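The chain below stands alone and is given as structure tokens, in the form predicted alone.
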Amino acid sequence: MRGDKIFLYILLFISALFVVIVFLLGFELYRGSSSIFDIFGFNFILSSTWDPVRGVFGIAPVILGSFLTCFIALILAIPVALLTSYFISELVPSRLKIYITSLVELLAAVPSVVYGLWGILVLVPFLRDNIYVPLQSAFYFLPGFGGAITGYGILTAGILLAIMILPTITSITKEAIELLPASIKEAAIALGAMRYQSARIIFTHIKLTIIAAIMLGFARAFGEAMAVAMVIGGSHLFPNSIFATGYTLPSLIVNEFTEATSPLHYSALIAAGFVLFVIALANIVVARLIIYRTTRFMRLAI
């Protein structure tokens, strides 16, 4: 009995410790950025001017660049991740499954700087010469497909992020499929469901896990700094094309933090980190609300 109480106190202490760490992290970021918000207020978030020489700072284009790269990454990664997870779980022979799974998980273990180097040396020239030029020629009349093509930019960063978050979404979804009761799969087959119909039934039953995997992939992509900084080009202007260069919040901090020219510039970069922190927390809250509402709806339906 005494051992149970001690164990309970340990769990409470660890849980409280995590809450305190998050609170202190947010507090320190806010304190470091308070001078920026005192001077610019919400104009720091809504303004598009970033000029350390004149002491004017606004991160609206940077926030937009962060969301654009993440949305591109999710659009590209989600279908591939779902199909790959189903293929590994249901179609790959058992003796080969462990090797293919290890290869997928190995992608998650590759350091981000290695992804960045690969992006510079391989991905950028390949996309510029073989994909972007034909793509622009075919869709030049559409908004967002104009401008100069250098290989660096928003789309390249999104593609690189898609590759980086692919193993995360794939691994989580694959585990959920394998933990699904065999009776559900057998019932679908017994009713004459075709392969794609069976996959649809499986994904419907694990949709909460898929939502969680997507949110985790979004958080991974939104917070990535080094790899994105190496391929996004770097521009404080609003991107007028998917081929345009830009910035994300993490890449802005990485590129300029060691070169801050004044205390105000330094504070502006901390404020960008605080905004990144708030968006990350909002992502978690939204994910929990989606899962809660979906679970509540399923319980009411039952």
Partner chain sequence: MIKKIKLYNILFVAICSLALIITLVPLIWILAEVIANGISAISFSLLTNLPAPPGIPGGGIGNYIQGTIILSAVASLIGFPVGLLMGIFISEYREHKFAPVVRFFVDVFAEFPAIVIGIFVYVIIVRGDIFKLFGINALCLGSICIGPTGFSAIAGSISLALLMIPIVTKSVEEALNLVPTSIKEAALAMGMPRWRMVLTISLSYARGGLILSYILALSRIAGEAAPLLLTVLGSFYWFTSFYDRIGALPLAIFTYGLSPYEDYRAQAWAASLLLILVVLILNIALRILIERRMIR
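Positions refer to the first chain, counted from 1. Keep in mind that what you see is a predicted model, and the values were worked out from it rather than measured.
A second form of this protein, the form predicted in complex with the partner chain, is not displayed here; the remarks below concern that form.
Partner proximity in the predicted bound form: F40 to the partner chain, non-hydrogen atom cutoff 4.5 Å: It does not: once the partner chain is placed as it appears in the predicted bound form, F40 has no heavy atom within 4.5 Å of it.
Within a 4.5 Å heavy atom cut-off, is I45 in contact with the partner chain in the predicted bound form? Because no heavy atom of I45 falls inside 4.5 Å of the partner chain in the predicted bound form, the answer is no.
Does the partner chain come within 4.5 Å of any heavy atom of Q197 in the predicted bound form? Because a heavy atom of Q197 falls inside 4.5 Å of the partner chain in the predicted bound form, the answer is yes.
When the contact criterion is heavy atoms within 4.5 Å, does S171 count as touching the partner chain in the predicted bound form? S171 lies outside the contact set for the partner chain.
Judged by heavy atoms and a 4.5 Å cut-off, are V53, L68 and A148 together in contact with the partner chain in the predicted bound form? Not a single listed residue reaches the partner chain in the predicted bound form, so no.
Residue (of A176, I72, L166, I214) lying close to the partner chain in the predicted bound form, criterion heavy atoms within 4.5 Å: The option sitting close enough to the partner is L166.
Quick one: from I242, I36, L29, I63, grab the residue that has a heavy atom within 4.5 Å of the partner chain in the predicted bound form. Flagged contact: L29.
Where, within 201 to 235, is there a heavy atom within 4.5 Å of the partner chain in the predicted bound form? Residue list please. The stretch 201 to 235, when checked against the partner chain in the predicted bound form, contributes L216, G223, A225, M226, A229, M230 at the 4.5 Å heavy-atom cut-off.
Taking the shown form as reference, are the C-alpha positions of I14 and I169 brought closer or pushed farther apart in the predicted bound form, with a change of 3 Å or more? Relative to this form, farther apart in the predicted bound form.
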